[in-house]
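Okay, so we've got the same protein chain twice, two forms, each given alone as structure tokens, structure 1 and structure 2.
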Structure 1
Amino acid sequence: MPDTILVIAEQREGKLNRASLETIAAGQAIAAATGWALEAAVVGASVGSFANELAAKKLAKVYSVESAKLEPYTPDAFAAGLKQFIEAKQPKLVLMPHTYQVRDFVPKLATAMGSTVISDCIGFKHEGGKLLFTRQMFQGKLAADVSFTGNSPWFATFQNGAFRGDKAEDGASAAPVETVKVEIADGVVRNRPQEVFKEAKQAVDLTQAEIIVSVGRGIKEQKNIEIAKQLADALGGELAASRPICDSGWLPMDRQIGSSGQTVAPKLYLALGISGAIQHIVGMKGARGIVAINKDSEAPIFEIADFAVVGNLFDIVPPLIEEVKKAKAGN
């Protein structure tokens, strides 16, 4: 029997999330490189519908791993339930998206199984029979190829956007679906989570915006946000920011882009004074066009920008606003 790769998909609010499909795509790519089989699982109280949805993808098998105790999510229940399931199925490699939920339980699960997680990967390599996972280190300044040195099951999680979800192949026919009931004893679950909620009263949905002007530390002072606002208005776009700006209270939290904020993919993402820490990049690298203005010629944001201006944003933005207005008036 060949080795198996198992993808654990994540569902929330009645949907499989985008990152899950990205992880399926990652799994398919690794399966193609290694010749290993690929299976997937969804975890929850009653998740058969998600399993059926996944079954359309090119997978050898799909499981719905179920227990009433898996709803709502707790790290105790997920670790216990998945440990049982994985011990039974013995996959070689277990893949998950690097979501806030996964990072909450997967180190516990791996530890409970005497194994380890290579977390937050952005790719993989299969060289000379050896599987390497690429991950960013030192805030994205360096990358590392990391290998497993212990026994399987091996765990790896993939960063949002590391693979393209829309590239996840459909199967020729629906994959078989099997429901596996796991037993989670009373007393295993110690945390009592309450309802998930959103803090911002008038949530701005930046995911729908076609144009986003985003500000970072380079804006220096709260009052300077105004020129970014003027540029956003001139372009007919939304104003957004990196985490430090929202932490300082200069813009509300619901305008934050990045791993703890919103993930966006507008037609134009114009980054003003944003250096481009990974936590920010994961939230906007899907943008179709990225323009970055930054004083530091070595800012990581330039790595992913289509158009880059090395310079003082306070010099460039005012004439830019004028030019945009002129261009719009001419339309």
Structure 2
Amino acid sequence: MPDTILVIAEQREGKLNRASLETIAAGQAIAAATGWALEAAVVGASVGSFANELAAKKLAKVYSVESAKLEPYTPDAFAAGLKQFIEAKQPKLVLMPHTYQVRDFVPKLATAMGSTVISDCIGFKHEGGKLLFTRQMFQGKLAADVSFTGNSPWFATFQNGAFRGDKAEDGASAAPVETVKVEIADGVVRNRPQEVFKEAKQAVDLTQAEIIVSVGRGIKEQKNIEIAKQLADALGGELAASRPICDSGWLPMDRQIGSSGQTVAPKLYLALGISGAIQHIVGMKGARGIVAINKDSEAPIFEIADFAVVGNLFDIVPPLIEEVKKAKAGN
């Protein structure tokens, strides 16, 4: 029997997290390189519908791991339930998206199983029969290849955008789905979850946005952010910013992209007046398409941009908004 890779998919607020499909794509790539079998699991009180959704992907099997104590989410319940499940199934490698929820419970889970976690990975290598995981260090200035030395199960999390969710392969037929009931003893859950905290009513999870318009110092004044907002609205996207904009209070901190903000991988990322400091680039370089507008032809952002527009954003963005509106009206 080949070793097994298990992907723990995340579901929140009635849908699968997009990063879960990215982790499926990562698992498929590792399975192809190693020859290991690939399975997936969804965890919650009643998650059969999510398991059936995942069954369309190229997987050997999908598990619906269930207990009434798994809803609402708590790190205690998830760690206890997954420990029980993983000990029974004995996968070699457990993969998860590097989300806030996973970061909350996976240290507890891995420690309880006497294992370790390689977190926030951006890739992997399989060389000489050895599996290596690539992760960034010093805010993206260096990349290190890291391997496990202890006994399995091994735990690894992948950074948002490291793999493309739309590249997750569908299976020739639906994968079998098995419901696994886990027993979580009374007293294991030591806290009572409240409603999910949001800093502001307009708070948004930018990791789920398909189009992002982001502004940097080149916007000059807070009032000029309205131009970027109009472009985002015209495109049906979300507004974001580099750290200096949020530090100045021009936009809320939940709109910040970068090493100290959110890491995103939208289909389209428009950078307006952003020079491209490494701290910002590590947060958005996984975008499928990057359009950068900057009057400095030597701006570092142009090194990763798919389309580089050298010019004053105040001359370029207003007609761009009009063209987007015309195109939408034509449809």
Partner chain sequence: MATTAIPTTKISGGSFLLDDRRPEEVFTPEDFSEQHQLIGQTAEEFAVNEILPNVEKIEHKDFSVTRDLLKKAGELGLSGVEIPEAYGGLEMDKVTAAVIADHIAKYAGFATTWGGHTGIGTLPIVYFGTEGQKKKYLPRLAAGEIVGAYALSEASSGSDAMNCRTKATLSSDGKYYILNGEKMWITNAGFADLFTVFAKIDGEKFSAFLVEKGFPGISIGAEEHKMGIRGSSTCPVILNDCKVPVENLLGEIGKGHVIAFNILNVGRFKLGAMCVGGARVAIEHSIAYAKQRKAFNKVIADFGLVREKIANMAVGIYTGESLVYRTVGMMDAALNEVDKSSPDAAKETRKAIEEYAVECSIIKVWGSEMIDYVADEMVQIYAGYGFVEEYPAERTYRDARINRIFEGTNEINRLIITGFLLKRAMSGQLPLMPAIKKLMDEVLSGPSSDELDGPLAEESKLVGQAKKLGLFAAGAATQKYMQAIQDQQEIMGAIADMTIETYAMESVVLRTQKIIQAKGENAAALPLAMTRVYLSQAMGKIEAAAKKVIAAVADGDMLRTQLAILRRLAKYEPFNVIELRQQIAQKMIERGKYGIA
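All of these numbers come straight from a predicted model, not from anything done at the bench. Just so we're on the same page, residue numbers count up from 1 along structure 1's sequence. Rigid core: the largest C-alpha set superposing within 1.5 Å between the two forms.
Between the two displayed forms of this chain, it is structure 2 that matches the form predicted alone. Remark: with the core as the superposition reference, the CA shift of Pro319 between structures 1 and 2 reaches 2 Å or more.
When the rigid core is held fixed, the Cα atom of Ile304 travels 2 angstroms or more between structures 1 and 2. The Cα position of Ala55 differs by less than 2 Å between structures 1 and 2 after fitting on the rigid core.
In the core-superposed comparison between structures 1 and 2, the CA atom of Pro266 travels 6.7 Å. Core superposition places the Cα of Glu210 9.1 Å apart between structures 1 and 2.
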